[in-house]
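One protein chain, two forms: both are listed below as structure tokens, the first as structure 1 and the second as structure 2.
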Structure 1
């Protein structure tokens, strides 16, 4: 078995490589060459933590495995560790034997950012100029860096529940040579693209906060009960997702479906747009919404890429198992 420790990931995985891996997986899912296993995600009753497993099998890429981990909201304050913790395990699909264990923290951040970035590439208006961020935590910085590579943005605006954290994303905007402005939620109507990356159980973004023609990527809802945007927004938008089954059960669409505002058939795979079997955006006034629930196949794709690079660079640790 090969081990690629967390400390090695930053020197191995790039944003471009994560983007290519995630885009490819979305396309394979829509072509039914890859599928995700049902997600297990539970509140464990200790440290307010959410813990679970995501896995799948990509027959095209011959990648089989799972990610174990979750969210420990007190980690940073109590222990100095980031709140999201995960490890990815890969298995040989021919034998079932474990082949690799890979640190999953940075990979999760990179693949989550890549997912929203892929959605921007395929769904945002070509003339998008203003980038909006709702959320300013650790993951938001990855999201913004990746998003800014997809269009010729001229400005970044942001809002966060804790305004003192907004400098996190202001720094990323400034590094890209862009001005940053803190706004109220109503000010998000100025944005052509919005990424929401929060962990909330009540909607933050209301339908009237989003202007016609906007593309919004909702990246924080991955558990039953969580919600970032008002359900009415999904009724106004054309909705896309990574995995339809997850979107309607643990993703942003769960609430709109439960309220009868949309049906399962109103939620489309982003991979179908990538493959050309769905037309995607059809007008400059259309609101497009990507519900990024996070799928195991994304984790497996970036992990498999990292293992290959680690072997090439001689940093993979081989152990008997």
Structure 2
């Protein structure tokens, strides 16, 4: 069995490798070569922790395994560890034997950023110039960095519920050589691409905050009850997702479906656009919306990729098991 510790991930994994891994597995999911297992997420009644498993099998990439982990809200204060903790386990699909154990914390951020980035590549207008961010927390910085590689953006605009956090994303914009401007939510109408990555349970982005022709990637809603955008926006948009079952149950589409504004059949797999079986964006006025819920196969894909890189660089730890 190979071990790739968390401390090695930053030196090994590149945004390009994460992008390729996620794009590939979304395509495999849409062609039914890969599927995700039902997600388990439990409040364990200890340390207020939420713990669970996300797994799947990708027959195209021959990747089998799971990500185990969750959220320990007291970690930072009590133990000096980050609150989100996860580890990815890969198994040999031919024998069922465990093949790798990989630190999953940084990989989770990178695979989530890669998902919105893949959606921008395939759905945003080619002439997109203004990048809009709603959210400025831990994940937002990864999202923005990856997004800026997809189009020739000229400016970043941002809004955050806690305005004092905006410098987090201003720094990323400036590192990319772009000006940053803090705006009110109404100001998001200037954006050609918007990423929302917040933990809100009440929508902050209303349908009229998003201009025709925009691509919006909604990345924060990954649990029942969370909601970042007004459900009416999904009725106006062409809706894409990583996985339809998750989108309508724990993703942004859960609300629009529950309110009867859209049907399950109105939600399309991004992988179908990658494969060329869905036409994707069809006009410059269309709003495209990607509901990124986060699937286990994304974690397995980036873990498999990082194991390969660790072997190449001679830093994978081999143990008898």
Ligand code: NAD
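Keep in mind that this is a model prediction, so the values were computed, not measured. The term rigid core refers to the most C-alpha atoms you can superpose between the two forms while keeping them within 1.5 Å. Positions refer to the first chain, counted from 1.
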Inset, instruction - Of structures 1 and 2, select the one representing the form predicted on its own. - result: 1
Legend entry - Core-superposed C-alpha of residue 49 shifting 2 Å or more between the two structures: yes
Inset, instruction - Please say whether, between the two structures, the C-alpha of residue 74 moves by 2 Å or more once the core is aligned. - result: yes
